[in-house]
Each structure stands twice: as structure tokens, then as C-alpha cells.
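Same chain, two forms, each on its own as C-alpha cells: structure 1, then structure 2.
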Structure 1
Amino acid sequence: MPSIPYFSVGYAPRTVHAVFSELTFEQKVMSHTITIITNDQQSIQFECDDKQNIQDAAEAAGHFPPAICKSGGCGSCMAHCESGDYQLADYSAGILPENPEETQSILLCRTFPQGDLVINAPYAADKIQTHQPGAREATIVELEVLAERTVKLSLQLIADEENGLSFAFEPGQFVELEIPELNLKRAYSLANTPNWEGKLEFLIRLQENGVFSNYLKHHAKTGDNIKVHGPAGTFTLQEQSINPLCFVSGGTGLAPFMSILRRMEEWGEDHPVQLFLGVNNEQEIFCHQELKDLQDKLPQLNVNICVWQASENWSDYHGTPVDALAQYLQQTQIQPDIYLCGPPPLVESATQVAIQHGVDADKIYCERFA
């Protein structure tokens, strides 16, 4: 465990404390010890004052727990407070359970300590970076329309001296794409596998009034440069689990699962997987052929494309992926690990369904669209 100086986090140093010791300095800047215990029983410790959120304090102390928006909007810094008092500032509805105090669910970026805290993080210690990798430059090599409102963005990294063309990430992680001239930055999951050619691939849903969507629709062209920050995120496979896997995706929530499945195919892994991909109608289906190819190569993979407003000709699942999940859990004999990725309402309802069917809450892993 790293040793963190007592006043390391944005405070006056000890000498100042001595000078003002007569002046109830403690009341002005209360510093609290924060201990984050990861799910592999490692821990980090740092100081945080009651006017600073835990994410900022951790970063100031040189620890970078996973976080995307850092403003209570994405849920990527969700954790549980085991002990201690804190205040939870505003956050987006649906990110935490309805009464978060009951489960002591917190967002590191919205939590202000009122005393020493012990926090359980739902990821392993290696997900807490000790430095933030610098931004990489990449070039757009392809922008392909896959289906109604869905595009595939392919980038080619530019080799740099430190890394060459390598870009280490784990399937399931995301990066932030930045268009500096438009002051625009958005997080997207990688859909391809780690490779040594500097290739990055993303599945992106074009939102009606989305700023990045507008950029892709109207401005982006092959040869343009994009900055890539990261990788980051903890939505990766739980390495030591031997349970079957169940992936539930809404729309382009498929991206992290494509990365995971493609790697399973590359590595010849034989872990059983059920994938549900939810779309509104048949026109929105994408990656259909690739999923079929993956099924051919991974006999243990079962894919169901769930179409909510399906035509009569649709032969696969009619309904939402949450309905499909409920049916699957009713029939399955071995409880799977469940991975959910998509819009927050889908993630919330799928979580409820899983819990209703007896799946342990700590076997449900979520990534919500921010």
C-alpha cells in the first residue's frame, strides 16, 4: 500500500497547520482518511477533505479509479461505502438504486466524506491506474453506416516513440474520443480486440441532436485526426469466474461484447456465452453476419437478436432483451454472470429481472450509456 503524506491532498502543509494551530484549523479543513478496498482485497489509502469529492482526492494522490464523466452522470465510479459518514451530491436519476443509503451505494465523484471512509470497489486493483496515459493521435480510416442510425468508426493510431503502434486495452473497456477544434469529447467502448496494428473500432448510434453524432454525420471524413484518451473502464470479464456468461445489450451496447467475443474467438476460448442484442426494429439490426460467423466459430455461443417491434417475418426473438433474459433465467440451471450494457432504463430493468430470478447482485456487471 502506498504511503500517503497526511496533508497530501490539496491542503496546506503541516507547517501551516502549526502556524494556525491556535485558530481551530481543524474546523476549517477537516481531512479524512479514505480507504478503497478492491474486489481482489487490495487497498489504497489517501486523504480527502469534506469539501472535496473522493474521485478528485484519489487522483490528486496519484490514484486514478475508473471514472468517465466525473459529474454523477454515468455511474462508472459506483462503489459501496462500508463504513463512515458522507454526503452524496446530486447525480443522474437511475444511476444508483432508489434509496442508495440502504445499500450504501455511492459515486466516488459525488461523495464528500464527513469522516474516515472505507469503500468497497467492484473491480480489481489493477483497474486503478497510477498514471493517466497520455492522449494518442489517430486518423479516421473508415466511417461505415451499418444500419439505421448506427455507424462503425474505424481509427488508425499514429505510431509514437514510446508505444509504437501498440495500444493496450482490455475487451470491454472504453476510450474518450476528442475533437479538439470542436471542444468535443465523448466516451465509446472499443468493439475490436487489442491488436498490434493500432486499429481501433467503435459502434456508434447516431443520436438525433447528439453533438458527436452531428460531427460524424456532417464533418467527419477519412483522414481526419482524432485524439484518443484512455483506455479506461472496468466493464471487463471477471477473470476468475467459472460461471457461464450472459451478455445483454441494447443497441450499440453490443460494442464491448463484440470485443469480448472476438477475443474469445481469437484465443479459442470455450466459456459458455448467451448474448441478447436488443433493437427496436429489423432495420436497426447491425453486425448480424459477424455474429453468425462468431457463432460458427464459437460453438458455445448462443445469440438472440431481440426485436421489439418485429415484423411477422422475424424468426428470432420478438420482444425486448429484458424479456428474453427473464425467459433464459427461468430455464437455465446454472446461474450465469450477467453483463449489461445499454441505455440506463434497460440496464435497470434487466438488473431487476436478474435479481428477481435469484442472481446475486454481485454477479451483475453494468455499463450504462452516459
Structure 2
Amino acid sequence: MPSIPYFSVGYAPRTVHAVFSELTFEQKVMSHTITIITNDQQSIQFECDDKQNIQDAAEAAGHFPPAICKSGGCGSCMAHCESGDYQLADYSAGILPENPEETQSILLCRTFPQGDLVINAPYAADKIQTHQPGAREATIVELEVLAERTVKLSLQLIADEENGLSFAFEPGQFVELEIPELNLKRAYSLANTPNWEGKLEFLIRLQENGVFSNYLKHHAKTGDNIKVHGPAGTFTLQEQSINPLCFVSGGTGLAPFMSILRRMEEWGEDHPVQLFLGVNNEQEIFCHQELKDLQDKLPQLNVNICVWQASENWSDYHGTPVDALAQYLQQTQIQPDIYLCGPPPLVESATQVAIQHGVDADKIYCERFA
């Protein structure tokens, strides 16, 4: 477990981790068979040559697995290679687990086959679309400061001929926000639930020297237009599971959990949930009232706000959400499903703690910031 938690949001492909910094190819182009098996045991198969990444080859064959940036910066096309040889090109630091060559973790957009591949995808077959959705236009309707360095960005979609105002997504997914005139794109999780009014809500931590953060802090205003790409991502509830749920979030990693919990409240679900929200100090606490309101409507929800550098007056948990998770797992008799959203150090530490306490690795679901 790290001694200092790092809480951030979005992705920014500034720092690049390379498994293979350069790809080298033979003069002769070789074609390989790619089989992608989804978690509901459906499969698609297509050909991919060794100068083509798997995402591009799938799309050329009429299959569109989840993806947004297609440059190794968002992690939406993450999968697991069950068999076969490949080369993995550069990608943003923190997107994949440490030592991906050991876990065979890959990004479809950065994987070049060196033979036939069998790939396990962490989503159902219905997540593989048959066409590429276009970008939507939206307008900023609210930019509210919630806490130290944290803002809520609210957008209103502009109706189009195909969708009207509706925007279909699953709680837990994210979109990519684009400011075309700044040549700027960033991915953020949605904090609200699907609706017919075209309303989108995001919880964003303002990063020092962050380009998108600078835009929000100094330039953004109501009425400005933003392009919305997506949705994407597979960080959604496994609906077939009856296990209790543990949500562990670092800072604005709370956003996908707010979306999931709000959906649970809308549908009147009674699934037991433990939420661990981690912040560095009390000034960074946000959505406190919203969480209290959710507890009133979801009596099975237990909220733990974990303050790492808490003052003596703080009456809730002193420490990190990983510490709180460890204490909970020591006391519970039923193995939960664990959902982790935050920066890589938090995700890696929480994963280790969960496995040490007997949680099966296939019951741990992660969304990493980079």
C-alpha cells in the first residue's frame, strides 16, 4: 500500500510507458486470425496482418469493440490475451497493470499480432457494436466548485436527428470530452444516470498545469460548446452477481459510483453496498450531502469517507480507503465483489489487499486513472 494516496481524474497521455518502444516488421506482411471471446462466451473472428493493430482490424471487418482514443490513452479497449504472440506498442502510463507481459493484459488499439491470437474481453457481446457512433454536440450549463480543486461540470446535449436529446449509456461508463479549437480531448466518467433530457454530469479534479483543468478554471463558461464522444468503458455492475458490493474510490473516482448508486435508487434495488471514498484532507470532501441523500433512500448503503490527513475534529474514518477496505474484509464473512476506481497506486494496493483477504481475482473490477 502506498504511503501517500494520489487522487486524480481523467487521462492525459503525457507520460508514456513502453513495452516495445518501436515496432519492427518483416518485409512480407503476414495475416493472422484473431478470435475475441466475450465474458458471455460469444465470439467474433477476423483477420489482422502484423502491421495492423487489432482494433483497426476489427473495425475494418465491421466489428466495433469498446474504444475511444485509439492511441493507448484511455484504456477502454483493455483485454486479456489468452494465447498467441504479439507486440504491444507505447501507451500512457498507468493504463495497464504493472508487468502486463506477465498478466497478458493488452490494449486492442496498441496490440500487433505475431501469430493467431485468442483474446478474452471483459464485456458482453452486445458491447461490440456494428457501427461507429458519431460525436454529439453539447453546451455547458453549469460549472460549480464543489471542494478544493474539484468541480462539477454539467452539460446539455443538443438534439440531433438520429437521437433527439437521449444519450444511452450504462452507469459506470465514461465519455471523451473534446474542445476542438484547443485540439484537446479528455475522458471522464459520468456521474448521473441515463435520461431522455440529454443531461450529463461530471466530477472533475483540477490538476495543476493540466490543460483541460486550465480550460475549466480560466476559460470555460456557460453556453460554451463541447463535443462528446462515446460512451465507452466496461466498468459497470455485473448484474448476475448476488454478492455484496464494495466500491473503493480515490477522489473523483466517485463519479461512476454516483451513477451506479443513483440508478440503484431509481430502480429501488436493495443490494448491500459499502462505499469507501478517499480524500487527502477535509477541504477536499465533496458530494457529502448527495451521499447522505442516497443513504436515506438506500438503507443498505454504508458510506465511509476516508480522510488521509484528517484533523482531530474529523469524526469519520482517519486513513486511506485501502486501509478501510482491509478492516472491512477482516470482519465480513461473505466474499464481496469489489469495484475500484482511482489512480493506479490506489487500484494496485486495493487489489493486493483484496486478494490477501481471500477475494477471488475475477471478483475485482478496476478503472484506473492515468
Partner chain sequence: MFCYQCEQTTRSQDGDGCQTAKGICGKDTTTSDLQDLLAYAIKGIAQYATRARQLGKTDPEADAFILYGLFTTLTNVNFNAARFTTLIHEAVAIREQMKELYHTAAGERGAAIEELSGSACFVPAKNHDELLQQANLSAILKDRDTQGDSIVGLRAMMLYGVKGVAAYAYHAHVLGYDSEEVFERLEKALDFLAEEPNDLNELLTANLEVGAINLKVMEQLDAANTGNFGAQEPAKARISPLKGKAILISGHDMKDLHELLEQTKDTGINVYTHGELLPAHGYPKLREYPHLAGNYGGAWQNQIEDFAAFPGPILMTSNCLIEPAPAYRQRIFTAGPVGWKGVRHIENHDYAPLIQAAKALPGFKEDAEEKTVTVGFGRHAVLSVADKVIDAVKTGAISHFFLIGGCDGAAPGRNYYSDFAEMTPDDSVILTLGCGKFRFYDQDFGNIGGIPRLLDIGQCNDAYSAIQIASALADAFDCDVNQLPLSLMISWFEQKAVAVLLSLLSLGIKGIHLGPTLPAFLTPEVLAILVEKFDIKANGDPAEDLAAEMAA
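All figures in this text were calculated on a predicted structure; none of them were measured in a lab. Structure 1 provides the reference sequence; residues are numbered from 1 along it. For clarity, a rigid core is taken as the largest C-alpha set superposing within 1.5 Å between two forms.
The form predicted in complex with its partner chain is represented by structure 1; structure 2 is the other form.
Comparing the forms between structure 1 and structure 2, the C-alpha position of Phe64 differs by 2 angstroms or more, with the core used for superposition. If you fit the rigid core between structure 1 and structure 2, you'll see the Cα of Gly251 move by less than 2 angstroms. Core-superposed comparison between structure 1 and structure 2: CA of Pro100 displaced by 2 Å or more. Look at Gly75: with the core superposed, its C-alpha moves 4.0 Å between structure 1 and structure 2.
Fit the two forms on the rigid core and the C-alpha of Arg110 turns out 3.3 Å off between structure 1 and structure 2.
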